[in-house]
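Only one chain comes next, encoded as structure tokens, the form predicted on its own.
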């Protein structure tokens, strides 16, 4: 099979998100409809933090494999955005503020022994994928960010409206990502569209994106199963 053009390939990638991104998951739909109990919302925040705390690790694995200096310079910003640096609070600290806003302590968030097994399995599988796969496939798996900005915008609006018990400062993580993601997305697309030249490479990138969608979906499956009857 011949390779897709860049336009065709991008359309194929975007179609995966339209069908498989976790904005379609019933738990996410209930969240945005204001139907989650406090226990459900708290359980999501707590378990999603395990995913958040592993993002810098998977990005570090990708960083070591990127072939170009300029790409490494851009990619390292992702680690800084999450881990922060002296005088510059990162995404992890902002997520801890969200945890505090829903009644969780820092120690509770960092207690990995209380992470749901299904969440741990999905997140660890994602980190392993990024460590073991070629850099192009690992980068392509992050293309779920293509579909995140609309969901983040909705989350800020819907959580503020439906869950007034959550302090507004707890939503700063989502606000910050809205300004950080456009540059990340542009870099992701450039890397994948430019370097996936053969149909075989393009198909591998598409499978990587499908895998990442499955990771996010599985995370919500585990949370929904564990907390659907919580109060």
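Keep in mind that what you see is a predicted model, and the values were worked out from it rather than measured. Residue numbers count along the first chain shown, from 1.
Not pictured, yet referred to below: the form predicted in complex with a small molecule.
Participant: Considering 151, 104, 80, 125, which brings a non-hydrogen atom within 4.5 Å of the small molecule in the predicted bound form?
Facilitator: Looking at the other structure, the residue within range turns out to be 151.
Participant: Of these, 199, 183, 57, 177, which has a heavy atom no more than 4.5 Å from the small molecule in the predicted bound form?
Facilitator: Exactly one residue meets the criterion: 177.
Participant: Taking 4.5 angstroms as the cut-off for heavy atoms, does residue 133 touch the small molecule in the predicted bound form?
Facilitator: Although the small molecule is absent here, residue 133 would stay clear of it in the predicted bound form, with no heavy atoms inside 4.5 Å.
Participant: Using the partner position in the predicted bound form, report whether residue 71 sits within 4.5 Å of the small molecule, counting heavy atoms only.
Facilitator: Taking the distances in the predicted bound form, the answer for residue 71 is no, it never comes within 4.5 Å of the small molecule.
Participant: Taking the small molecule as it sits in the predicted bound form, is residue 187 near enough to touch it, meaning that at least one heavy atom pair lies within 4.5 angstroms?
Facilitator: No, residue 187 stays farther than 4.5 Å from the small molecule in the predicted bound form.
Participant: Please run the contact check for residue 20 against the small molecule in the predicted bound form: heavy atoms, 4.5 angstroms, yes or no?
Facilitator: Result no; residue 20 lies far from the small molecule in the predicted bound form.
Participant: Answer yes or no: in the predicted bound form, does the small molecule come within 4.5 Å of a heavy atom in every one of 51, 155 and 216?
Facilitator: All three within 4.5 Å in the predicted bound form.
Participant: To test your reading of this chain, name the stretch in 141 to 149, 96 to 104, 113 to 121, 157 to 165 whose heavy atoms come within 4.5 Å of the small molecule in the predicted bound form.
Facilitator: Of the options given, it is 141 to 149.
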